[in-house]
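For reference, the chain that follows is the form predicted alone, supplied as structure tokens.
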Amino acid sequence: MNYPVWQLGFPGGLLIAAVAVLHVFISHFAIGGGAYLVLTERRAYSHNDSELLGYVRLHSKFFVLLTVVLGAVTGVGIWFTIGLVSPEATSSLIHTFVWGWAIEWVLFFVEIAAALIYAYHWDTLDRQTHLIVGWIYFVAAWASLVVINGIITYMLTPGRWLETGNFWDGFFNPTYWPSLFIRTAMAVGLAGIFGLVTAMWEPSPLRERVVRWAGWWLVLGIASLLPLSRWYFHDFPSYSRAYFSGMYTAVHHALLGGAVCTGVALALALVFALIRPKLMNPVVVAVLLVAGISVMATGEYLREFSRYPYVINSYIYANDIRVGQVESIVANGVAKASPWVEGSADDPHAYGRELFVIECGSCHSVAGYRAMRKITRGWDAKFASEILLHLPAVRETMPPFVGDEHDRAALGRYLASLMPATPSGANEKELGQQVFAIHCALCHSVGGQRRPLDLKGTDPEGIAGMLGTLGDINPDMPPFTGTDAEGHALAVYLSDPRQ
């Protein structure tokens, strides 16, 4: 409420994800890749392997170009996008962890300096000094993860910080340690994947030696993800763990996709890197790259989804409204709480649109991704305003509507205007099916998994009578606002045993 909303025309989370997933992928390689460089260089010295040393020199140039250049650009891009899309949460993170950010920025400066010195001073530094520079880089990179991990995990599990406001209570929160270990394992695995990328540039038999060496990194990192993920999940908030029970199709698909990509990466690494390194080729490496970024993207998506309906758990909702502001906004209205909103009665449609941007725009668009025009098809203004009273019951991931009665009516009218439609059908059952889609399908299914309704064979008159007492049956159900004819048609549809 304290900042104007930057409206993209689609939910801003998509923009953040597009930048953040790429940055996280590169940044984790920057951590594991630092250790990979130093330990491979040390291995070359201990085996007096000049060919392997030449490979490390080439890999270090590739490493710097990818991590320092693209990593830095995407890192700045994250700050740009989150500041525009979620300014309230961004401000809160800065003020809560200001010294953490300061330390991380110093560490990042050390990373850049050490990486450049390491990559471009092979011929001017002696072996021992060059290795020390490499270790300085790795320590700074991993220490940067140590700091950022505390801030990221705080957003999901702020723990005792909610009561104390203490920096360390927020930093060393319940998911801090499992997240740190799982991210470190991912960094090791990505170091192996990118080691395979540059190995493709080398001739045999050096290629096979590097492939097997990089393959061990990949197998070690990927194989650690399953037990570490179980540990991480165990410390999730109880409401978040419920999302993984199959109630959300997107979460189920993400879990399945992540598991498949992890299995594919592990199988390919075992067969083509450790058992038959001569068979490793650019196509397999490309598949490993795709699998690696898919695993990373899956993890980031699930972590983000698990925070809903919050952006900072129990502190700031996903639409950037602070939990502590809710009571005041409900009492006084949105227009009085935000200097960026005009609650003019002269143009109620425009006011409803402003409320949509504030309350819904972080996750929904009008006609694009997660389009409300599709969801609200056929809604009337009364039904829409009643739905706003029950948002957390409709979807556990949705923040509650925050505003007074005037705000709720204005937003309800705006939602009802997006896709006006009158139910129609060739017969009563078809009409009832359309009425169900409008009034019931947001929460219920017939024969599906989500809150299934099984009223087959029930007397239609009895079902029609129930429609007038939905609030008594369950306080979380909005009243039925259709006509008597629509209500009877809905009852016929629900009672039909041939569904």
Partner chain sequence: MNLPIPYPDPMPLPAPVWLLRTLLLLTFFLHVLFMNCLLGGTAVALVCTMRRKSSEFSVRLAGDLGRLLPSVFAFTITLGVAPLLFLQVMYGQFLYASSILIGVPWLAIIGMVVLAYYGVYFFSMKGHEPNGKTTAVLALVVLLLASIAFVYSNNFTLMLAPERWLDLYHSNASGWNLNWSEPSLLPRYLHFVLGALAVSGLGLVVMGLREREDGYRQWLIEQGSLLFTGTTLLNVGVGFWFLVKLPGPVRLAFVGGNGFATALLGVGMLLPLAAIAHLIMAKANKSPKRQLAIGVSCGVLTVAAMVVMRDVLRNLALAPCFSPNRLPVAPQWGVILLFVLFFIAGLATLYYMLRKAAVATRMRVAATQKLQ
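A quick note: this is a predicted structure, and the numbers were derived from the prediction, not measured. Positions refer to the first chain, counted from 1.
This next part talks about the form predicted together with its partner chain, which is not shown.
- For Leu15, a non-hydrogen atom is located within 4.5 Å of its partner chain in the predicted complex, even though that partner is not displayed.
- Its partner chain is not shown here, but in the predicted complex it comes within 4.5 Å of a heavy atom of Val5.
- At the 4.5 Å threshold, heavy atoms of Thr164 stay clear of its partner chain in the predicted complex, well away from it.
- None of the heavy atoms of Arg303 is located within 4.5 Å of its partner chain in the predicted complex.
- Contact annotation: its partner chain lies within 4.5 Å of heavy atoms from the stretch 99 to 107 in the predicted complex, the single such stretch among 272 to 280, 176 to 184, 287 to 295, 99 to 107.
- Not one of Asp459, Ile473 and Ala485 places a heavy atom within 4.5 Å of its partner chain in the predicted complex.
- When its partner chain is considered in the predicted complex, only one residue from Thr81, Thr262, Ser362, Asn149 comes within 4.5 Å through any heavy atom, namely Thr81.
- The contact residue chosen from Ala421, Val73, Ala367, Ala331 relative to its partner chain in the predicted complex is Val73, the criterion being a non-hydrogen atom within 4.5 angstroms.
- Contacts with its partner chain in the predicted complex, taken as any heavy atom within 4.5 Å, map to no residue of 382 to 412.
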